[in-house]
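To begin, one chain is listed below as structure tokens, in the form predicted alone.
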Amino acid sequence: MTSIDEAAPERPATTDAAADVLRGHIRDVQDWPQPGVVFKDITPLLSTPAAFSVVIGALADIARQRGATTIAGIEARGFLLAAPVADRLGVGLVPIRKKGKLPGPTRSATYDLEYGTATIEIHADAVRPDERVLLIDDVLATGGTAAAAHGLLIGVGAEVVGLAVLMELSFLPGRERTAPLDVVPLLTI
């Protein structure tokens, strides 16, 4: 009989270090943007260069392990993570933006959030069919944004190799809603 530790897939040391960093650099903001919501504020992480570097390194390792040739970031906080990962790896960046922010031909998807609805868009020519895209965002909560972004990437011909997030809120149905997308959180709450 194997123990849970023996059966668990090996996690790179940087992923474990990133989880430790996140525990100390995420601030909970109660009742924002509306009553009942606990917002996960990453501002303390962003304002601490050494901590931010550890997290970007862990995300870059995930992208490397999956053979990503392109990184996609979801507006807005996903951009803050995806851009330095793409830069560190020397690969392209695909922005997935709020409706009306991208010029030229786009594809869009509307989805439900924890506290409303939103529409995101991607350039119709954002990726080539041979590109392996890692999708990056800050938090996986209800999964609406990630599922919509995944659908947009598939719709423009990408092979999506996974969704890397800083935090997965396991008490919400995000993972189920994004299936079959492989979710890789640095920290599960």
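Because the structure is predicted, anything quoted here is derived from the model rather than measured. Counting begins at 1, following the sequence as shown.
One more form of this protein, predicted together with ligand AMP, exists but is not displayed; see below.
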Touches ligand AMP in the model of the complex: T142 (any heavy atom, 4.5 Å)
yes
Is there a heavy atom of V38 lying 4.5 Å or less from a heavy atom of ligand AMP in the model of the complex?
yes
Quick check on D138: any heavy atom within 4.5 Å of ligand AMP in the model of the complex?
yes
Please run the contact check for R97 against ligand AMP in the model of the complex: heavy atoms, 4.5 angstroms, yes or no?
no
So which of 38-46, 149-157, 122-130, 58-66 is the stretch with heavy atoms within 4.5 Å of ligand AMP in the model of the complex?
38-46
Can you name the residues of 54-85 that have a non-hydrogen atom within 4.5 angstroms of ligand AMP in the model of the complex?
R77
